[in-house]
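Here we start with a single chain on its own, the form predicted on its own, put down as structure tokens.
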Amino acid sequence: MKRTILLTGASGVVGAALLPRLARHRVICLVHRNKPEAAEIVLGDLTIPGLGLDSCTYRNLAREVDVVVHCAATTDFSAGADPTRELNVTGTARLLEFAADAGATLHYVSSAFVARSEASRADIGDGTADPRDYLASKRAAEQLVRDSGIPGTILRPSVVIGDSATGAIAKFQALYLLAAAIVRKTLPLLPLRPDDRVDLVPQDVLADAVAAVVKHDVRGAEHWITAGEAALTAGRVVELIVAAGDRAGLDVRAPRLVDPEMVDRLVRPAFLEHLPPVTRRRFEDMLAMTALVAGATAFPATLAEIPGCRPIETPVLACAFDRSIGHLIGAMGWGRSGESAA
């Protein structure tokens, strides 16, 4: 059944992968600045009442839209509490108001890391990255969706990586910064244990899942779009990064994987104060990001419960991550090529 869909975040990692999968529907992209190519757009602002639209445009849009897919979010851990809450919470509230006026279903893309409140670092030192603001905003937005009574789904992806076949991605985010530091040999140690799980989901797998809940009109569900028990270990992730660098002709050295407690107890007190301010800040930001992964148990994984979707398998995930790092190396112009393993 063809539907009219209002899509937010169309130019982001999730939205860009999702947009072609909704081609059989009429998709209207609500955008503030970044405009996706070859798409029907409406200029607005999620943080303003009425989505920043004039009353006539708002009414017409509400008459036409059957489904709202909400992918837009601030994912920058350094953005600060107020800007993060403004888009992630207030923006979701505005969309829920619109969905109610339109009589539309709403599918909200949240984050699997809402389950990791106990893993966030309370002390970020000189760092600027504080995942607590982001996670608090996602939990609050989820609660708004649940309390609204509007039919639809909450989808919780883990760390999104590039396309399974090509490795391509719209934007290099946090995990890629760590991978880049390893490739460039600026990360001598990584505060993770070798067997810590690093849960990744290829962008096409996530986009297929979102498209499926739209296609099958899934309602009243909360789904974990994750690898779960099939997640790669930190040791394997590092191996794949080093291997991709080797294939590109780069002299990549694996960082030492160190228990985070040892880093806090020994490395920070003894060495951190002697580092230049910029290096110290980057190190603290890395600690804040990896704290969400270190020692964590596996996420729930419910992909198989979505019609037409299958669980993520470890070998397939390893190949997808390999291609993602290959794409990073190629896009940055490092080494001979960004070629990755088949």
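When you see a residue number, it is the position in the sequence shown, counting from 1. Being a predicted model, the structure only gives us computed values, none of them experimental.
Just so it is clear, the following notes concern the form predicted in complex with a small molecule, a form of the same protein that is not shown.
At least one heavy atom of H32 is located within 4.5 Å of the small molecule in the predicted complex. Mapping the unseen interface onto this chain, S148 falls outside it, with no heavy atom inside 4.5 Å of the small molecule in the predicted complex. The small molecule is not shown here, and in the predicted complex it never comes within 4.5 Å of any heavy atom of T57. When contacts are judged by a 4.5 Å heavy atom cut-off, G167 does not count as touching the small molecule in the predicted complex. Think of it this way: in the predicted complex, the small molecule has a heavy atom of just one of I182, V198, C71, V205 within 4.5 Å, and the residue is C71.
Put simply, of A320, V14, L22, L328 only one has a heavy atom within 4.5 Å of the small molecule in the predicted complex, and it is V14. Between 216 to 224, 182 to 190, 130 to 138, 256 to 264, the stretch whose residues reach within 4.5 angstroms of the small molecule in the predicted complex through a non-hydrogen atom is 130 to 138. When contacts are defined as a non-hydrogen atom within 4.5 Å, all of A10, S110 and V160 contact the small molecule in the predicted complex.
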